[in-house]
Every structure is written in structure tokens, then in C-alpha cells.
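The chain below stands alone and is given in C-alpha cells; this is the form predicted alone.
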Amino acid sequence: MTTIHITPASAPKLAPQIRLHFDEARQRWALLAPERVLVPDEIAVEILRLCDGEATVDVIAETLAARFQAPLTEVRNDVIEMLQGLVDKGMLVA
């Protein structure tokens, strides 16, 4: 099995069997996978909504750093760490 490593040049997207879904009844976002449900926090949702397979991690980090007026290096590191965890769980591809 090939291990995917998220880098600033990676362009992540949800794996084919994964959906980001807004649950109207509970008023929260959920990451739906076969036999699994993850409930991401608000920042994770912001990151996941930018993961379209075209935007690179650098572009995602720049977008979020500007939106939240946060240091770019810190945002990039946090984005890479979060996305790597989801890649390792098979929920994202890059």
C-alpha cells in the first residue's frame, strides 16, 4: 500500500466513498463514510469545504489565514496535520 504524504503542493479531495453532509436535524456538519461518521469542528469544516482536488494545501492555508487573520505558517502546519490524519484514515485522497 502506498502512503500518501500531504505537502503544501498537495491538492486534496474527499475520497470517492466519503461525503461532507449538513445534518439539518442536528444543525451540524458530518463527514459520512461507510459505517463511520465523523463530526468535524467548525475549522475542520472550513478546511474540508476547500478540499476540491484543485486547490493546493498552500492555497487552502492562504485562504484560511486571510479569512481568520492568522499566521500563514501556523495555519499551513495545522491544515497539513489535519489533512494527513484524514488521508491516513482513507477519507481524503491527494
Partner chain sequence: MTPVEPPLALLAELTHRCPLQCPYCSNPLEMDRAAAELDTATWQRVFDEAARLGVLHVHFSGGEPAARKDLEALVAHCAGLGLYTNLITSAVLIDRARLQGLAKVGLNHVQISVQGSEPANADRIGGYAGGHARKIEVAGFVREAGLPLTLNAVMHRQNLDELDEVIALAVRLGARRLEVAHVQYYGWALRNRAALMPTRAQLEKATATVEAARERLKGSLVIDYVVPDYYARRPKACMGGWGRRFLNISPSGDVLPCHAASTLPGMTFQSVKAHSLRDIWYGSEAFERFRGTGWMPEPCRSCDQREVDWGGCRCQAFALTGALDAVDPACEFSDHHAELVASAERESGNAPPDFIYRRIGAAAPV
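Being a predicted model, the structure only gives us computed values, none of them experimental. Residue numbers count along the first chain shown, from 1.
Just so it is clear, the following notes concern the form predicted together with the partner chain, a form of the same protein that is not shown.
> Can you check whether T73 is within 4.5 Å of the partner chain in the predicted complex, heavy atom basis?
Replying inline: Looking in the predicted complex, residue contacts with the partner chain do not include T73, since no heavy atom lies within 4.5 Å.
> Taking the shortest heavy atom distance, is M82 within 4.5 Å of the partner chain in the predicted complex?
Replying inline: Close contact is absent here: in the predicted complex, M82 is far from the partner chain, nothing within 4.5 Å, heavy atoms only.
> If you check in the predicted complex, is V59 within 4.5 Å of the partner chain, heavy atoms only?
Replying inline: No - in the predicted complex, heavy atoms of V59 and the partner chain never come within 4.5 Å of each other.
> Taking the shortest heavy atom distance, is A65 within 4.5 Å of the partner chain in the predicted complex?
Replying inline: No, A65 stays farther than 4.5 Å from the partner chain in the predicted complex.
>> Checking a candidate spot here: are A33, V37 and V87 all in contact with the partner chain in the predicted complex (at least one heavy atom each within 4.5 Å)?
In response: Yes, the whole candidate spot contacts the partner chain.
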